[in-house]
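Taking the form predicted alone, here's one chain by itself in structure tokens.
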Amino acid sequence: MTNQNSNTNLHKKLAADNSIPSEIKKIISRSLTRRNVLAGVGAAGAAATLAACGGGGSADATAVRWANWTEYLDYDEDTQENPSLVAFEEQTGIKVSYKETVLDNDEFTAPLLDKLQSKKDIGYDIVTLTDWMTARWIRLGYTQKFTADKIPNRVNVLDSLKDPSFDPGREQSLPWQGIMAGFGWNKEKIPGGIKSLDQLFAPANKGKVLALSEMRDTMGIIMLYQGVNPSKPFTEDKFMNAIDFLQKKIKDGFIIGIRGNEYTQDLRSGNATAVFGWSGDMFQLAAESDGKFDFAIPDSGGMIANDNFMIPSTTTSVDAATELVNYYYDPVVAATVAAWVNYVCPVKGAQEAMEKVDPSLANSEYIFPTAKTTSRLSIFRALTAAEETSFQTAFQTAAGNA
């Protein structure tokens, strides 16, 4: 069956379902894109999901400016809109300016430091950054505490994520998605797949490999390969051994670049055929290309972290920003987003809601990993200020040669 016929059938199914309010049908119709069809998201299930999240309108139409990573929210190619945001705006009257401006934590944060330090508007009311950068923002006073009664859905955060050391009790952050880091590859060029660094750096891949600019993901994978657990105490020598490995692969011409989220463009263009990559990105690339790309956690282990909602200390739209955060912690909304992005969902009840959105994803290890899968993933340990300076300098020096 062609994609066009599938889309037509989905629209017919949607129109025939009298249990779905007309305004929700309109929203879901806008989301029936090629991406959704390939990923197998059912129209009626998604419609029921968003219908269940209906809420009252807000008295004032307040704009919320949200900075996020690329390809990290449901998207309609035809209207160039994000259906879950459209639903939020129609339900609340709050307008959202959504910008995919985060490609790398450091690159995003650096230009904002002067304004953050001088308490001037940075242009965003919500930012979504990785655990270690979230810890830095909180430590430096760049975030606001949530008003507890304004985010009732906060009770839905997974128990394992409720009390991180950088934000006890989750007073200033909430996880947006969990990120597995491992290997991604072009199946047409590497039909046998990649499950080890030895396979990644096979002679046939020379000059076609990219590493991630997120130091903790790239170096964590290398350290695990070398028998070092990055979750537990390790010496500087152990980290520098991994830097030496990275530098050699760059010098030998295997690694041609160190990239942030833009590595997906290199895979699409064919400039790269194998990468240190993130699970959700690879799923989306596979969905849009009839399964051309794949992802695997390395045999020696992969990395995992979370990107987190934060409300900057400089915003004046606290209530509107808080309402948006609360919206995405509704299990049915979380499941709708997870069906599109395929990253680890941090929301209780979303797995049950996924049975309505797309039953084929309800047991996805990418979205709802089992204990067996999570046992193969490591969280990079917290670094001291001295370590962070030393390690980041060494990594940037190596990366500058790629």
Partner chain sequence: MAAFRGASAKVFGLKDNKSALPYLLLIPGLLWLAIFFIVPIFSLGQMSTKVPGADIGEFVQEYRFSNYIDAFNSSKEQFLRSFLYGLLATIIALAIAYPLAYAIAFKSGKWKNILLVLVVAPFFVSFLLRTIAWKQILGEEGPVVSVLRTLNIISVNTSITSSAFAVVTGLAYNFLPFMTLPLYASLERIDPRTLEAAGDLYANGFTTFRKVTLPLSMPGVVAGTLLTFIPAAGDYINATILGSPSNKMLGNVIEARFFKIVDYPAAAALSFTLMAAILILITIYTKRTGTEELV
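Residue numbers count along the first chain shown, from 1. Only a predicted model underlies this, so the values are computations on that prediction, with no experimental measurement involved.
Quick note: we don't show the form predicted in complex with its partner chain, though the next part is all about it.
The candidate stretches are 312 to 320, 134 to 142, 119 to 127, 191 to 199, and the one lying within 4.5 Å of its partner chain in the predicted complex by heavy atoms is 134 to 142. With the partner removed from view, the residue among V228, A286, I243, I256 that has a non-hydrogen atom within 4.5 Å of its partner chain in the predicted complex turns out to be I256.
Shown without its partner, this chain lists T101, N153, S300, N271 as candidates; in the predicted complex, only N271 has a non-hydrogen atom within 4.5 angstroms of its partner chain. Its partner chain is not drawn, but in the predicted complex it has no heavy atom within 4.5 Å of A382. Looking at V325, you'd find every heavy atom of it more than 4.5 angstroms from its partner chain in the predicted complex. Put simply, L73 is far from its partner chain in the predicted complex: not one heavy atom of it is within 4.5 Å.
At the 4.5 Å threshold, heavy atoms of E236 stay clear of its partner chain in the predicted complex, well away from it. Along 373 to 401, these residues reach a heavy atom to within 4.5 Å of its partner chain in the predicted complex: A385, E388, T389, Q392, T393, Q396, A398, A399, G400, N401. Annotation for the pair E262/L73: C-alpha atoms recede from each other in the predicted complex, by 3 Å or more compared with this form.
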